[in-house]
Structure formats: structure tokens, C-alpha cells
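One protein chain, two forms: both are listed below as C-alpha cells, the first as structure 1 and the second as structure 2.
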Structure 1
């Protein structure tokens, strides 16, 4: 799920950036540092949308760096256990398939794929129902439910399932 929240961060700035463009430098450094990172609490920071407040800078003894507490607004993405998401399939193999929903990697193991879907190997490995009516392959869009999440330094890992009602392929790339 996406959220638009306010976060705070202490930014350290080297004196070479002081001067007329101090604020711009600070903002671009913030964006470079924060966009694309993730944390356990807020999830993945997708983009900084605005600066709410920049506090007074404190000069650090000994180094000359200045620390500014910056409050900024940003869009974050955080998956929750039990959430239903739409994702794009990136890789299909005999163990299940991998899908991506924004910055999040989701794995749906074949234990959590309906039993009537079988793995077919080949140029475009896929999972297909016995009558061939439903096919999951690379670039298919699927609706899945998150059953577990974990965050590490730069990535969010999720486990999903499509075994419940109303889950599965939304869009077959072959017919698009």
C-alpha cells in the first residue's frame, strides 16, 4: 500500500555546499540519500514530494560539517501481511514464480498456486490450467495476497499466494 507521510532526517552537509544554493544542495542530497531506500517501519521510500521544514543547522565540532534536521513529505510503499496486491510476473520456474509490485519482490511458491495449474517448461516457462484457459508467464499481471514480509537493508521480500478466491491472473499478455 502507498502512503504519503512526513519523515524527518538529519542531513549532514559539507561546507563546500554553503552559499547561495545551500537549500537546493540540501534538498538534492536528501533526495539522493533517501529515495530508493527502505526501512522496516515505513517501507520503501519511492519519492520525496516536498520539504516541510528545515531546522537550524548545528556545526559539528572538529569536522566543520553542519547537521540540519529536515522534515520532508514523501510517498512510501509498504506491503502488509494479508494485503491484496497486483503484481507483474518477472520469472517463472518449477518452484513457483517471482513477481514485482513496484520495488517489492514477491515470491509465490508452487505450494500456494492452485493445484490445477501445472508448470510447463519451454521458451516461455509458465503455469497453465489443465484446459489451457489460464496461463501465468513472464509479464502476466496477477492479483495475489501477501502472507509474509521481511525487510533487509535495501529490499523488501514478500511471500504471496494465489490459492484463494478471486486471486490469480488479471491480464494475459498474449491477448494484449
Structure 2
């Protein structure tokens, strides 16, 4: 789920940032550029934790910009099949519900919701047990298991299930 890895990136810096604060300017630009982004290969970059090496800059012909190779450490978030996550429900419809666990969006189909839960329409659509004791609606917190992932170049999508032991609603906003 969370990994501490070393990545490399070529950073371009404008000449106005040269001077005694060159390193600080380069590090702040790196943080601004990579934190919160997603690479399909590594996952979502949560935070840059350190700089391992800043190489010698290469001046770009005709522009004055300088390209610096930067090797940095960062924490990344990457979900895998079979992992158990806690997520917040963002949307409920008759096909299932969408939930978010940090930056990852997870879809749980109605086939992967326990059979004793029925879809209820209305101003606040939800899945409710026959006795009304458990309700999944917008802003409910659920514990789910990831059964599949699809990785794009800039996004990760997951399919989840709550049709297993110890999975389901862990906090219902309607009862608070």
C-alpha cells in the first residue's frame, strides 16, 4: 500500500532562480511538481522525503534554462489486489457504489454487496439490510477488499467487494 522508494526526474530551472538559493528553489519546484501526482508504474506520490543527489546542470541551447537530474526519495501509495482498505462512500446508485480511499476511486458492484442488502431509492439512495440495521449511503465509511485494479498512465482505478467476512460499514453518518 505505502512504499518508500527512490525516483529520478530531470528538473528544468529558469535562470532567475540561480544564486545561493539554487538548491532550495530546485527542491521546492520538485515538491510542487511531483507531490500529489500519479504514475501508473509507481502509484500516487504522497510526499518527497529527501533528496539523494542533484547532478550537474546542463544548459539548454537558446533558452538559458538548465536541466538538473535529481534523485529523490518519496512515499508512494499503490493499492494491490487482495488488499483491505477503509474508504468513504462518495456515490450510491442501483449498479453499486463508488468510494474513495485517499486518491484512489473504488467501485463496488451490487453483485459484490451482501445479498441481504437491498437498494433503496429516494433523496438519499442507499443499500439497507432487511431489518434496517445497516445502511450504506453517501459519506458512510466502509471496509472493503480490492479484487481488481486497472492502471493508466496517470490514474489507478479499483474494483472492490464487501461480500466477505469482516467487511462492510464501519461508520454510518446517519447514526452519528
Partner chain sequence: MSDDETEFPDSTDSSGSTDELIEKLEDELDDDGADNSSSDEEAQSQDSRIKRLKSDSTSVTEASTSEGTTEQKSDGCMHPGSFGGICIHCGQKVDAESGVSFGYIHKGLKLDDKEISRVRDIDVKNLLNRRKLCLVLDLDHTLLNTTFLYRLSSEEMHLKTHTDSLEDISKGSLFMLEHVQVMTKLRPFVRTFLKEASEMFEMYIYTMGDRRYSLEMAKLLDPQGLYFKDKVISREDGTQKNVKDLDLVLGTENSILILDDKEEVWPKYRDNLILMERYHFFNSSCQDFGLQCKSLAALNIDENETDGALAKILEVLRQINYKFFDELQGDLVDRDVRQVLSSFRGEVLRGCVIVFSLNFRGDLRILRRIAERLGATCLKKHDPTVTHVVATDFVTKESRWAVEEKKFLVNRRWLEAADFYFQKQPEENFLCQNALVSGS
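In this text the structure is predicted, and so the values were computed from the model without any measurement. C-alpha atoms forming the largest set that superposes within 1.5 Å between two forms make up the rigid core. Residue numbers count along the first chain shown, from 1.
Asker: Could you point me to the form predicted alone, 1 or 2?
Answerer: Structure 2.
Asker: I'd like the rotation angle of the smaller rigid part against the larger, computed from C-alpha superpositions between the two structures, in whole degrees.
Answerer: Comparing the two forms, the smaller part rotates by 17 degrees relative to the larger.
Asker: Report, to one decimal in Å, how far the Cα of residue 9 moves between the two structures once the rigid core is superposed.
Answerer: Rounded to one decimal, the shift is 2.3 Å.
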